[in-house]
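Next comes just one chain, in structure tokens: the form predicted on its own.
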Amino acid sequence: MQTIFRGRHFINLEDFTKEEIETMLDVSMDLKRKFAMGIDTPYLPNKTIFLMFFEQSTRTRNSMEAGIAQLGGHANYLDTSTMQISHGESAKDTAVILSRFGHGIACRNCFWQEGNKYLMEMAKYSSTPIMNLQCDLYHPMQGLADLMTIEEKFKDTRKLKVSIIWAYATTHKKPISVPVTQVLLFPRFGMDVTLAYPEGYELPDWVIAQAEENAGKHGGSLKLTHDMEEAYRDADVVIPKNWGNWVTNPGKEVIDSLLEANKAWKCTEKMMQLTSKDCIYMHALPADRRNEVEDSVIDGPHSVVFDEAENRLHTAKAVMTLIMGGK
């Protein structure tokens, strides 16, 4: 078990070894058991974390706020539109000052080609850990909770067939950070990953190259397909979720001809019938129930979305405990 975490930034799971990620999961499970038993876990007494949000949030904000409270600390929620950032204050100046005020800074900035750069700039100047609450490229908190959920349901992740599938949605042009994180992470735990999407919704080439390298090192695999049914067939885990065509079209328009041409990419009862008998349906939420998935699937026996969402609390607590705590 790796134990050297204190003071490290948590921006991308690629920055942590497989053994370190396993430690995070061990701590997450311990915290989950204690939460279920009503055992207090005051591991971060009087510690303060600043939660900076450039965008809306439900699970991420509340898992962090509730999590730090349950650890004995306090969260300051910061809507960046009400900060001096909105008047042009730099990432450097914000990071220097907030890190002198407390013990950690967590930030969500999903603006394409800006978010990750902003976090890395903060990390360069902060004297406390920077935690990524989702950027344009990565969502490590979600990835950790997804991995925890899969391990809970299957125990052994080796050779599991996991399909990350693009799905039609119109709510907003969503980041690519969730599928990027999943396609990089899951092969490291021996999973056979299928990435399915219509042409035009590619992930960056460097992501695919890194995912293939991860698969080669750890006994997993990665397959790309534009055939939705192929991805569902015999899958043990399906994750049908929309992401925007940022790589091929950096414009901010939500609905375009490419999106409308792919309305058929939807998780339905018919698609789920192609999967393995014990297949689970996952989604980071919120799901576009009108378009991404039928209610009978997301509310049905295959769905584990609420278990997955609850695990956001326990993994957030584990990350904060390991990175902000210790001797």
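Every value quoted in this text rests on a predicted model; they were computed, and no experiment measured them. Don't overthink the numbering: it's just position in the shown sequence, from 1.
From this point on, the text means the form predicted together with ligand CP, which you will not see here.
Of the candidate stretches 55-63, 293-301, 23-31, 260-268, only 55-63 contains residues with a heavy atom within 4.5 Å of ligand CP in the predicted complex. Put simply, of T157, T94, Q142, T149 only one has a heavy atom within 4.5 Å of ligand CP in the predicted complex, and it is Q142.
The contact with ligand CP in the predicted complex, taken as any heavy atom within 4.5 Å, belongs to R108 out of H103, R108, K161, R188.
Though the partner is left out of this view, C279 does not reach within 4.5 Å of ligand CP in the predicted complex, counting heavy atoms only. By the criterion of a heavy atom within 4.5 Å, A284 is counted among the residues contacting ligand CP in the predicted complex.
A residue is said to contact a partner when one of its heavy atoms sits within 4.5 Å of a partner heavy atom; R312 meets this definition for ligand CP in the predicted complex. No residues of 196-215 lie near ligand CP in the predicted complex, the criterion being any heavy atom within 4.5 Å.
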